[in-house]
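First comes one chain, alone, set out as structure tokens in the form predicted on its own.
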Amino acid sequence: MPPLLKLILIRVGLGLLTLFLVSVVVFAATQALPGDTARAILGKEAADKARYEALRKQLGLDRPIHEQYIEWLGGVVTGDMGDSLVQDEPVTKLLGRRVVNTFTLVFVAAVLSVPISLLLGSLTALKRDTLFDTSITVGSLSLAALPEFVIGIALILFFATQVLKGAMPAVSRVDPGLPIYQQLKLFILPAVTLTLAVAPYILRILRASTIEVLESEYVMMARLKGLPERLVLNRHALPNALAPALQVTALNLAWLAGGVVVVEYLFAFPGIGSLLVDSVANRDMPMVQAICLIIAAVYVLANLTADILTILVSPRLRTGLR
């Protein structure tokens, strides 16, 4: 079996084990939340004990926890996430457009953040200790210190309400009846907020790794052999410097899928983040469990992709697999 394929199969197996452990933790955590769905649905009518118990039995909340978990896990394996306890509709149906909205937002943020941060990270390493390097480093450090909701509020004030009034919408209420490409303007401010929140980390990691590689012996030897500086950078420096940057990029992109809760709430964006907040408030456990599993799956997939890309772009790791 080819070493790369063997590595992929091992990582896939570990990823599936991770998802199983996450499912156990998520299910146990949702069961430990105070209150329950029956009380959230009935509200003041929950004082009627007979009606309350009847609804708990109807929803299957009176059964032992391990039976509920086994039934739920079996449905997840077959693609059935169950029904929303609040809206009484299949979870997959309710998640459909929300998942598309969130992943479109994450994709736009990734398209903006990854090329910009990789370019600036490599340039600051090449122009180390110059005014350009100092300016970008201070700016990235400042952005990294700011929470995403502060960045989002600043963008709203500048582009929507105060300085450039009406240049961009202050809220991003995506219309499910219209194609996404007709509403891309609604994605701009949330995507820029996410970009400014994650790009500094990728930039700083790439800068540090590029400086380390440029000072390595094999790069110095390539220069002593008289190779052109562009060839030294493209063939020897950047491929090895990209390895740690790819890992950080994958983690940050995975964070985007799970960390959009604050940004979506700030911009009233109809994605899985805002749906997660509503589901927790309504004790809609099947919805909470499904969203948490989706976020965990994104993390596993992002890490697997980063591992494979790291091996493919790093000459030292490719040699080690032969």
Partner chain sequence: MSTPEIRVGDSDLAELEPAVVQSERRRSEWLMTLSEAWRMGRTKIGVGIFLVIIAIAVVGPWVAPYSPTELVAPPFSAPDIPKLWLGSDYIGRDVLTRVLYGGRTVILLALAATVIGLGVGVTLGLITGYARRWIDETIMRLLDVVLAFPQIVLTLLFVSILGPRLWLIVLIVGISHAPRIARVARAATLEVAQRDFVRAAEAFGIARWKILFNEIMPSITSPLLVEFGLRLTYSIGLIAALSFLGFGMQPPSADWGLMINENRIGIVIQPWPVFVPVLLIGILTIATNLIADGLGRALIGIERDTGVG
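Residue numbers count along the first chain shown, from 1. Bear in mind the structure is a predicted one, so any value in this text is a computation, not a measurement.
Heads up, the form predicted in complex with its partner chain isn't pictured, but that's what we're talking about next.
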query	finding
Position in contact with its partner chain when the complex is considered in the predicted complex, options Thr78, Ser135, Asn234, Ser142, heavy atoms within 4.5 Å	Ser142
Contacting member of Thr161, Gln183, Thr130, Ser216, with respect to its partner chain in the predicted complex [4.5 Å, heavy atom]	Thr161
Interface membership of Ile311, its partner chain in the predicted complex, 4.5 Å heavy atom rule	no
Contact label in the predicted complex: Phe107 to its partner chain, heavy atom within 4.5 Å	no
Its partner chain contact at Tyr69 in the predicted complex, heavy atom, 4.5 Å	no
Close approach of Leu304 to its partner chain in the predicted complex, 4.5 Å, heavy atom	no
Heavy atom of each of Leu120, Met220 and Leu242 within 4.5 Å of its partner chain in the predicted complex	no
Segment assignment from 175-183, 95-103, 149-157, 78-86: heavy atom within 4.5 Å of its partner chain in the predicted complex	149-157
Those residues of 275-291 which, in the predicted complex, come within 4.5 Å of its partner chain by heavy atom	Leu276, Val277, Val280, Ala281, Arg283, Met285, Val288
